[in-house]
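We begin with a single chain expressed as structure tokens, specifically the form predicted alone.
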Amino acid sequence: MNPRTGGERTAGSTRGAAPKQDRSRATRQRLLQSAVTCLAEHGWSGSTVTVVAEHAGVSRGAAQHHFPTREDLFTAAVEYVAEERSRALRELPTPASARAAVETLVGLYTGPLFRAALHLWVAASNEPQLGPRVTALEARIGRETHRMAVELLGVDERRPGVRETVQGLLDMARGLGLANLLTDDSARRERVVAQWARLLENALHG
């Protein structure tokens, strides 16, 4: 056997493996993104592996290669949603005013990631495999969101009442997100945001 020929074949095999791995990662990413979209649009009961695979543009067999069961797919989707929500928090712009800060925080609860997360909460209440992961990740996201809210508002949590005020804002934002699930609540939400901004200015900076 010619060592040089063998070496070239090995190098070629290595080069050929890289694009295959890239395609595999891309397929997995599309499946996770589609799982989130399907959850947001169809809820848990309507988001089967077949539906997700069709949305991702891959065969059911390819989907099951990456995620053998529906629980495997959506357990991974829980992780994906948590990471995407964390990334969204890290990329939030610095607001120019209290109202801009409130609008930014409320926006976290009115987009597709929150809708998907909400459906995961509902599913986790009935799916033992999902429950512990969703609970743990939501606790982490809650801490990150609170910390980011403090930074965006530019407040000092050592002051009495500040922590509770910030948490009240986040609870209100979550409630607005829930209200937005059924109908377009943007007009009422705008008025509520304006009032909360005024309250925060007085409570946190007054």
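In this text, the rigid core denotes the largest set of C-alpha atoms whose superposition between the two forms falls within 1.5 Å. Residues carry their position along the shown sequence, with the first being 1. Bear in mind the structure is a predicted one, so any value in this text is a computation, not a measurement.
FYI, the form predicted in complex with another copy of the chain isn't displayed, but the following is about it.
Contact with another copy of the chain in the predicted bound form, defined as any heavy atom within 4.5 Å, is confined among 28-36, 156-164, 66-74, 48-56 to 156-164.
Residue contact with another copy of the chain in the predicted bound form: R191 places a heavy atom within 4.5 Å of it. In the predicted bound form, none of the heavy atoms of I141 sits within 4.5 Å of a heavy atom of another copy of the chain. Taking the partner from the other structure, another copy of the chain in the predicted bound form has no heavy atom within 4.5 Å of any heavy atom of S97. In the predicted bound form, none of the heavy atoms of S186 sits within 4.5 Å of a heavy atom of another copy of the chain. When contacts are defined as a non-hydrogen atom within 4.5 Å, none of A62, Y80 and Q129 contacts another copy of the chain in the predicted bound form.
Contacts between 152-183 and another copy of the chain, taken as any heavy atom within 4.5 Å in the predicted bound form, involve G161, E164, T165, Q167, G168, L169, D171, M172, R174, G175, L176, L178, A179, L181, L182, T183. The Cα shift for T110 between the shown form and the other one, taken after rigid core superposition, is smaller than 2 angstroms.
If you fit the rigid core between the shown form and the other one, you'll see the Cα of R70 move by 2 angstroms or more.
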